[in-house]
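The data below hold one chain only, encoded as structure tokens and taken in the form predicted alone.
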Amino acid sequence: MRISAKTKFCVIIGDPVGHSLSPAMHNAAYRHLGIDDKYVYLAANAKVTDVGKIVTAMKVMDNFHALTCTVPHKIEVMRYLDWIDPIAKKIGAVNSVVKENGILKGFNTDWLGAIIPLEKMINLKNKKVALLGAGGAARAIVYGLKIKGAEVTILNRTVAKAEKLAVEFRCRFSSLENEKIIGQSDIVVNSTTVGMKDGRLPIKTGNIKADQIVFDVVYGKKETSFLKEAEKRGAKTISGLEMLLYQGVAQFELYTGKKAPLSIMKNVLKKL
């Protein structure tokens, strides 16, 4: 890479963030387009209590151009921004911050990362979706599903949290223990972080069927245990790498103003 004092840097923060494949994906795209002298993409672990300090640093550092937020920072970062895109405001979570003329603007590309892979496989209108989790990622996914006409039920270990999100987005809710809903759904989406660090499953997989689509937003170099179990039962599966790719494509274009080289970004993720 051709980094200089003029190079703008983009940083992904999370806790944890060491597993992130975003730097490799974005930097490969910069190199392909010949703009690796203008942008570099980095990762930094950060506690949620330090998000405000990071945003302050972004405001005062000329070359600090963009900030990507992953778990658990997508909601916290909103408190410190100058402007938030209406879609991100509706979702209630920001995963992409870009500085334009000193103004920090927040966006959400996660919903595109979830919806694009699903729509490549199925028409979402009137489809029954069991969405596991009620955090920042779930907010983006339920937004996308609802605008596409899907019937969503939010399942969460803390039912009160599921209820709060369901009321906001006008959909159903229940406990993660409600296995009946899993069996009645066309699509099951895991938006929790369960399985990120180990082989745990977010739910029991006994009710997953061959005619379902199972989507796990958790990703890694190996397929998650949840997707392996779903495949054993004949279900079609979508890896979290797909969400990473398509939210990253939208993010790349926000950060650079250039058309993202989709095939290059996809190939990088396949090789990692």
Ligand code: ATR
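Worth saying up front: this structure is predicted, and the values here are computed from it rather than measured. All residue numbers refer to positions in the sequence shown, first residue = 1.
Same protein, other form: the form predicted in complex with the named molecule, not shown, and the subject of what follows.
Undergrad: Of these, 109, 156, 185, 153, which has a heavy atom no more than 4.5 Å from the named molecule in the model of the complex?
TA: Contact residue from the list: 156.
Undergrad: Which listed residue (148, 172, 105, 161) meets the criterion of a heavy atom within 4.5 Å of the named molecule in the model of the complex?
TA: The residue in contact is 161.
Undergrad: Based on heavy atom distances of at most 4.5 Å to the named molecule in the model of the complex, which listed stretch, 94-102, 189-197, 119-127, 81-89, is the contact stretch?
TA: Among the candidates, contact is made by 189-197.
Undergrad: Examine residue 115 and determine whether its closest non-hydrogen atom to the named molecule in the model of the complex is within 4.5 angstroms.
TA: Answer no; every heavy atom of residue 115 is more than 4.5 Å from the named molecule in the model of the complex.
Undergrad: Is residue 142 near the named molecule? Define near as a heavy atom within 4.5 Å, in the model of the complex.
TA: Residue 142 lies outside the contact set for the named molecule.
Undergrad: Whether residue 181 contacts the named molecule in the model of the complex should be assessed with a 4.5 Å heavy atom distance threshold; does it?
TA: Taking the distances in the model of the complex, the answer for residue 181 is no, it never comes within 4.5 Å of the named molecule.
Undergrad: Taking heavy atoms and a 4.5 Å cut-off, does residue 176 contact the named molecule in the model of the complex?
TA: Taking the distances in the model of the complex, the answer for residue 176 is yes, it comes within 4.5 Å of the named molecule.
Undergrad: Can you list, in sequence order, the residues from 100-123 that come within 4.5 Å of the named molecule in the model of the complex, counting heavy atoms only?
TA: None of them.
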